[in-house]
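Only one chain is given next, in C-alpha cells, and it is the form predicted alone.
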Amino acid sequence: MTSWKLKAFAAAVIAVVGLLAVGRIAVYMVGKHEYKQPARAAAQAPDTTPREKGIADEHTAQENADKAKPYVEAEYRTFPVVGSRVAIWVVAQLHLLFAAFVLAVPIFALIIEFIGYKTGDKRYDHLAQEFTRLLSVSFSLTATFGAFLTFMLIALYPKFTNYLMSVFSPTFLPYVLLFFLEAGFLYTYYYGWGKFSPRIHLLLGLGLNVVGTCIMLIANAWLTFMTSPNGVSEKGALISTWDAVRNYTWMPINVHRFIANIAFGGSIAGAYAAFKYLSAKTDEERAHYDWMGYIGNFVAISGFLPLPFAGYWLAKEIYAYSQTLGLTMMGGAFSWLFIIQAVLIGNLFLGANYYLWLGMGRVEGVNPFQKYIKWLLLGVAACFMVWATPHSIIATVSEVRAMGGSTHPILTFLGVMSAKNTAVNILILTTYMSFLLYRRTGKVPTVSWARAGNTAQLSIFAAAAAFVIFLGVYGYFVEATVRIKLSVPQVSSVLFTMISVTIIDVFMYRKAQNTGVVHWGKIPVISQYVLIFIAVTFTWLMGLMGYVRSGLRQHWHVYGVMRDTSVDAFTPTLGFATKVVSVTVLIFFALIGFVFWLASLHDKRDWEAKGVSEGTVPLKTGTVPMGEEAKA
C-alpha cells in the first residue's frame, strides 16, 4: 500500500471515530443534562368568577334556545352588493334572451331548409345547417340560466315561489318532459344533418319547433299570471289551474313573443353573419356571409313589421283587464319609457331601410329604383319625428311661460295616440315599400299585365296611406273611447296592403327577366355594422319592454293577490332601469360573442404539432411518412 493510500485510510478511520464520539457526547448531554420541567401535582379546576359563570350560563341558555327554535318560513332573503331584485332581474333577462334565440333560430332554419329541399339549391341547406350550429351552445346557456333563475327564486323569494308552485305545480312535469324532448329533437336535428332523408330531417325540425313553442306557452302562463291573475279566489286560493294558465294576457303575450322572437333571432343571426363577414379572408367567404346577413335581416324585418300590431293587442288586453294597469303603462310613470321605445324602434326602421338601400348596390348596372330612396328617407324621418315627440316636456319656468303652458302649443298635438298610431303605420308601409323595391332590383316583369299590376299596387298603397292619415286626423275630433278603436281599422288596412301587394308581386315577378347579376359580398362595410346595430337595438328594446311589463305591477308580486312587502316594493326610476338593462345587454353580447367564437372553430383547421411537415403523421415516438403508418 502506498503512502497516500495509507494516509487516506487513516483519515477515514479518524473521521468515523470522530463522528461516533460526537454522537455519543450528544446522547449523553441530552439524556442526562437536558432541562426537564419538575413534576407537579395535577392542576385543580380554577374557581370561577361571577362574571365567568354568567357568561357560561348565557352560553348554555343560547344553546337551549337554539335547540327549541321553531321553523319559520322566510319571505325574503338578501343578495350581496346589488340586492335581490337586481340579481333576479339580470338572470331572468339573460335566460329570456337566450330562450328567445333558441326558439327563433329553429323556426327560420326549418323554413330555409324547406326552401332548399323544394328548390334543390344546396346553398339553402348549408345555410340552415350553419344557423343551427349556433344552437348547441346557446341551448346549454339557456338551460343553465333557467336553472340559475329557479335556484335564485327559491333562495331569495321563497314565499312567492312557493305560491306560484302551488298554483302551477301540474304544469311542471309536462314542462320538464318537454324540455328533455326538445333536447332530443335539437341534437338529433343538428347531428343528424345528412344522416337521414330530407323528409325525416324536416320532420325532426318540425318536432323541435312544436316542442319549443309548447315550452314557451307554459312559461308564458307563469309570467302572465303575475300581471293578470285568473283561476284563483280573491284571497289567492287556487280554483282552476287551467283558468290560471288561460289568463287575460296569456294569448296576446304568446303571439307577441313568438313574433318578437323571430325578429330577435333573425337580427342575432344577421349580427353573426356580419361578424363573420368582417373577419373573412376571401371574397368567397364575404359573398357567403353577405348572403347570410341578408337572410337574417330579411327574417328580422319580416318579424318586425307585424310586431307593433301584436303589441297593440297586448296593450288592449291589459286595459281590458285593469284600467289602472293601462293608465300606469301609457299615462303614468312609464309614459316616458315609451318615448325611449319610440326612439329605439325609429332607429330600427332607419337601420333596416338603410341596409336595404345599401343592398341595392349589389346589383350590376343602373338601378332605376335608387331615385326613390330620398323620398323614402323623408317619409321615414318625418314619421320618426312624430312618433318620438312627447305630449309634454320637462321645461324650466321661463320655458313654460314662453310656451304659454306646460305643453307646447303645436307639438303637443303630435304627442297623442292618434298621431303616433298614424306615424307607425306609415313607417311600416314605407319600410315595406323599401323591401319591395329591393326585391325588384335587377328584375323586369315579363307578364302581360305588369302595367296593370303596378297600377293596382300603387293604388292600394295610396289608398291605405290616405285611409290611415284620415283616421289619424279624425281621431282628434272624437272621444277617447272611439279614438282607441280607430287603431283597429288602421292596422287592418296596413296588413291588407302588405298581404295583397305581396300576392300581386309574387305572381308578377314569378318569371321575371334578370337585368343584372347580384354580386354578393360587394356591399359597403358599413352595412355589416348596421346589422350589428340592429341586433343590439333589438336586444335593448326587449329588455326595456320586459321592464315595463314587470314594473306595471308596482308593489305586487301577483297583481291584486300577493303584495310585495320587501324593501324593493317600489318602481325603479327610468335611469336605474336603463342602467340595469344596458349592463344585462352587454353581458348577453359578451356571451353571444363566445357562442360565435365557438361556432367559428368548426371552420378552423385541426391542430398540428410544431415541426410536423405536411405529408407526415405524428406518432408518440416520432413521425413517419404518409403511407408508412401500417408498417409502423
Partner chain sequence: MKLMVVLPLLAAILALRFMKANLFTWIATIWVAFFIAVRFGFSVPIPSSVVGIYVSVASIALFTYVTSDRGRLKAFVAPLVRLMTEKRYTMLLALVVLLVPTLVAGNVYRTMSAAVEGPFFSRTVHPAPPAEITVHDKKFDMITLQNPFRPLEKDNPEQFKVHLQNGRKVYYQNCVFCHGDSMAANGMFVHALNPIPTNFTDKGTIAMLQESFLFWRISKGGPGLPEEGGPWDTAMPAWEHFLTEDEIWDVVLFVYDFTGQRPRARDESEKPK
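Nothing here was measured: the structure is a model prediction, and the numbers come from that model. Between two forms, the rigid core is the largest collection of C-alphas that superpose within 1.5 Å. Residue numbers count along the first chain shown, from 1.
Although it is not shown, the form predicted together with the partner chain is what the next lines describe.
Could you check which residue among 465, 92, 358, 287 gets a heavy atom within 4.5 Å of the partner chain in the predicted complex?
By the 4.5 Å criterion, the partner-contacting residue is 358.
Only one of 503, 203, 147, 480 has a non-hydrogen atom within 4.5 angstroms of the partner chain in the predicted complex; which is it?
Comparing distances to the partner chain in the predicted complex, the residue within 4.5 Å is 480.
In the predicted complex, which of the stretches 138 to 146, 449 to 457, 313 to 321, 180 to 188 has residues with heavy atoms within 4.5 Å of the partner chain?
This holds for exactly one stretch, 313 to 321.
Does residue 390 make contact with the partner chain in the predicted complex, using a 4.5 Å heavy atom cut-off?
Residue 390: contacts the partner chain in the predicted complex.
Look up in the predicted complex whether residue 537 has a non-hydrogen atom within 4.5 angstroms of the partner chain, and give yes or no.
Heavy-atom contact with the partner chain at 4.5 Å: absent for residue 537.
Does any part of residue 406 reach within 4.5 Å of the partner chain in the predicted complex? Heavy atoms only, please.
Yes, residue 406 is a contact residue.
Can you tell me if residue 437 lies within 4.5 angstroms of the partner chain in the predicted complex, counting non-hydrogen atoms only?
Although the partner chain is absent here, residue 437 would stay clear of it in the predicted complex, with no heavy atoms inside 4.5 Å.
Can you tell me which residues in 520 to 553 come within 4.5 angstroms of the partner chain in the predicted complex, by heavy atoms?
In sequence order, 522, 523, 524, 526 come within 4.5 Å of the partner.
Please state whether residue 485 has a C-alpha shift of 2 Å or more between this form and the one not shown, with the rigid core used for the fit.
Comparing forms between this form and the one not shown, the residue 485 CA shifts at least 2 Å.
Using a rigid core superposition, assess whether residue 283 undergoes a CA shift of 2 Å or more between this form and the one not shown.
Result for residue 283: no, shift under 2 Å.
Is residue 437 among the residues whose Cα moves by 2 Å or more between this form and the one not shown after superposition of the rigid core?
Superposed on the core, residue 437 moves its C-alpha less than 2 Å between this form and the one not shown.
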